[in-house]
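Heads up, the chain below is alone and in the form predicted alone; it's given as structure tokens.
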Amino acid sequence: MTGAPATDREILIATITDLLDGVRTVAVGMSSPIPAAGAMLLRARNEANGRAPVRIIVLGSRDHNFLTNGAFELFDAAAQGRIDAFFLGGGQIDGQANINLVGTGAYPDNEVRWPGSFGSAFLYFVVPRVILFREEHSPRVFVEKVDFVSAPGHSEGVARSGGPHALLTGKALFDFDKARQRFRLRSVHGGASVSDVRALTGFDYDAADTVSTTPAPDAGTLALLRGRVTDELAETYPQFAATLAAGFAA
């Protein structure tokens, strides 16, 4: 139902779209339906408003991926400066924007093992606008210091064209100050409070005296999201698209 209020996930998707504003080429890794939806919404919104076209790479998709050699070609394109934005997450993320994709505990005898770093460190160094995204917002994810640095948020004395731009969670949006190597709380999503976010975050961060609420998408954005974008998502993420549709149809 188009007139239904925006769901929590729709607010996340629209927020990602706003964070991508101005990019020309955005890449999304596998198993990332919310970032993929945000990228598709940016493309649809730009086309609807007569703005510059957006090229999308969704790894694992046939319809929304112009690459022909998967991640290998993605790394080449990123090294050549042809990827403007990418998304990274982590089992742990700390206040300096370091991410951990290896596991908890002392390496190599980790208590819990995760899939591994893959190309995260490389892409973190070369993609100009890296958005950290993790829907879960809890102290076990957002820690004071990661147990293992899969990809560093800052590299003293090492030139890099890429790095963290923002952190989006299921409860809040943070900007990253590269000069100070700290996050700053920009907004909290409806249903959460500033104190909630502080209590659920294991690292320190900056915040203004008054923090705004993350804006919900307007009617035009919701129409695109609930129509074209949900249809496009179904090619790569059929179950997620169905869940998204059920949410706004309820």
Partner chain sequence: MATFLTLDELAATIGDGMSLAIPNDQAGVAMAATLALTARASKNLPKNLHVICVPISGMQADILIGRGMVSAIETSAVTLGEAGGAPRFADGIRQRTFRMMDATCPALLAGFVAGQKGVPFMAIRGLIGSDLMAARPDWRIIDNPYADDDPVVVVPAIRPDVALFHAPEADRFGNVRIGRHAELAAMAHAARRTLVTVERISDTSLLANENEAAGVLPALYVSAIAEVPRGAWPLGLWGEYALDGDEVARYAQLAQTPEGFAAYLEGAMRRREIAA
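Worth saying up front: this structure is predicted, and the values here are computed from it rather than measured. Numbering follows the first chain given and starts at 1.
What follows is about the form predicted together with its partner chain, which we do not show.
- request: Go through Ser212, Ser195, Asn49, Asn69 and name the one with a heavy atom inside 4.5 Å of its partner chain in the predicted complex.
  value: By the 4.5 Å heavy-atom cutoff, the listed residue in contact is Asn69.
message: its partner chain is absent from this chain, but in the predicted complex, do Thr169, Ala179 and Phe203 each have a non-hydrogen atom within 4.5 Å of it?
response: So, no: the whole triplet misses its partner chain.
task: Mind telling me which stretch in 117-125, 170-178, 88-96, 133-141 gets its heavy atoms within 4.5 Å of its partner chain in the predicted complex?
output: Stretch with heavy atoms near the partner: 117-125.
query: Would Thr221 sit within 4.5 Å of its partner chain in the predicted complex, counting heavy atoms only?
result: So Thr221 does not count as contacting its partner chain.
field: Contact label in the predicted complex: Ala77 to its partner chain, heavy atom within 4.5 Å
entry: Flag for Ala77 set to no.
- request: Considering only heavy atoms, tell me if Ser187 and its partner chain come within 4.5 Å of each other in the predicted complex.
  value: No, Ser187 is distant from the partner.
message: in the predicted complex, does Met30 come within 4.5 Å of its partner chain, counting heavy atoms only?
response: Yes.
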